[in-house]
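As a starting point, one isolated chain is supplied in structure tokens, in the form predicted on its own.
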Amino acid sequence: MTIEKKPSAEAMQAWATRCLRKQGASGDVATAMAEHLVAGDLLGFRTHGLLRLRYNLQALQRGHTKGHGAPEVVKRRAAIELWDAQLLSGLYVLPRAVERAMQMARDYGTGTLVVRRAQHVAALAVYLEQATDAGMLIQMMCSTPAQQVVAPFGAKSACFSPNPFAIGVPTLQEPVLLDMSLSMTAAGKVRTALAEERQLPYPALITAAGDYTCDPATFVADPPSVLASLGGEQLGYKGTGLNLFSEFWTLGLSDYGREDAAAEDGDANTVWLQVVDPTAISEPGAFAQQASQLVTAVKKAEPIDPKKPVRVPGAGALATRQQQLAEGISYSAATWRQLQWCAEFCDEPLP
């Protein structure tokens, strides 16, 4: 269910910025956090937009997220660096990490950043266009060392975090934007389904008894269910492999794994990101031409249902953003209640 009022992205970003500043975020940190949370809403990533403002406000108030400062460069070579975000918001740190990777890519053809201890990064999709707008490719992976909610295939207990994976690809038209979890669903989507009193669309949870289920209430039961790896009951071994891939590249390369994570890390994330400048190995515009041909081939594939044409990843999100920029952002009743809590908590009336 949506509310009738549809506030503008500009108004919601300004409001969220004021709320974040009241809880101790500096001006540039608060602006970046609000901008990227609203960006998630605009693209339709509802569970990773302003729905997570409450968490960010409380983390700032409690000192779990730092409101100012800079990440530490731990190690560096020509085209790869390790950063420690020191519990700064990932919403603030990641755009700077992408920019640094782009600088390296201009010099060396590619740039890689591993960032550890970055608090709440939200949707990886909101950082992709920073690179694709410059004609570069980007890929990102994220894990959470203090979190274990995803089971490997064949298990009913968890050892992974949900581990989102994202890529951004420039073309001659709209970029290709992929942002997906390596679990069957994200924990935020389970909580949203629970709040909206509806079942998940497919069996994405594994109960303590080892049964696959669509019931989000099992996620808060005692003992709770856990998320299934991508592929589910039949093909989850593929998701297990991908989750290991993600955690080797994030927790392993950062040298900050689950045995190293401190209790106060909470939702602090480790992010691996890599940017490639295609002009390092091909003529300017050549990659975009090739990418556009691949996208055209996907769009021309004959659909199973003529009423549902084949879509390229990101097309729906970009269309949602265009519509919401014109008409205002549509929030569910459950999300609006969370925003009202934030408004009262910060004494900042909603737009």
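These numbers were taken from a predicted model, which means no experiment stands behind them. The first residue of the sequence shown is number 1, and the count goes up from there. C-alpha atoms forming the largest set that superposes within 1.5 Å between two forms make up the rigid core.
As for the form predicted in complex with another copy of the chain, it is not shown, yet the points below apply to it.
Shown alone here, residue 95 lies farther than 4.5 Å from another copy of the chain in the predicted complex, counting heavy atoms only.
In the predicted complex, residue 152 approaches another copy of the chain with a heavy atom inside 4.5 Å. Shown alone here, residue 55 lies farther than 4.5 Å from another copy of the chain in the predicted complex, counting heavy atoms only.
Using a 4.5 angstroms threshold between heavy atoms, residue 325 stays clear of another copy of the chain in the predicted complex. Though another copy of the chain is absent from this view, in the predicted complex it lies within 4.5 Å of a heavy atom of just one residue from 180, 146, 194, 187, which is 180. Checked against another copy of the chain in the predicted complex, the candidates 99, 72, 107, 264 yield a single residue with a heavy atom inside 4.5 Å, and that residue is 107. For another copy of the chain in the predicted complex, the listed stretch (280-288, 59-67, 317-325, 33-41) containing residues with heavy atoms inside 4.5 Å is 280-288. Annotation for 204-239: interface residues with another copy of the chain in the predicted complex are 206, 210, 212, 230, 234, 235, 237, 238 [heavy atom within 4.5 Å]. In the core-superposed comparison between the shown form and the other one, residue 249 has its Cα shifted by less than 2 Å. Once both forms are fitted on their core, the CA shift for residue 107 between the shown form and the other one remains under 2 Å. After superposition on the rigid core, displacement of the C-alpha of residue 233 between the shown form and the other one amounts to 2 Å or more.
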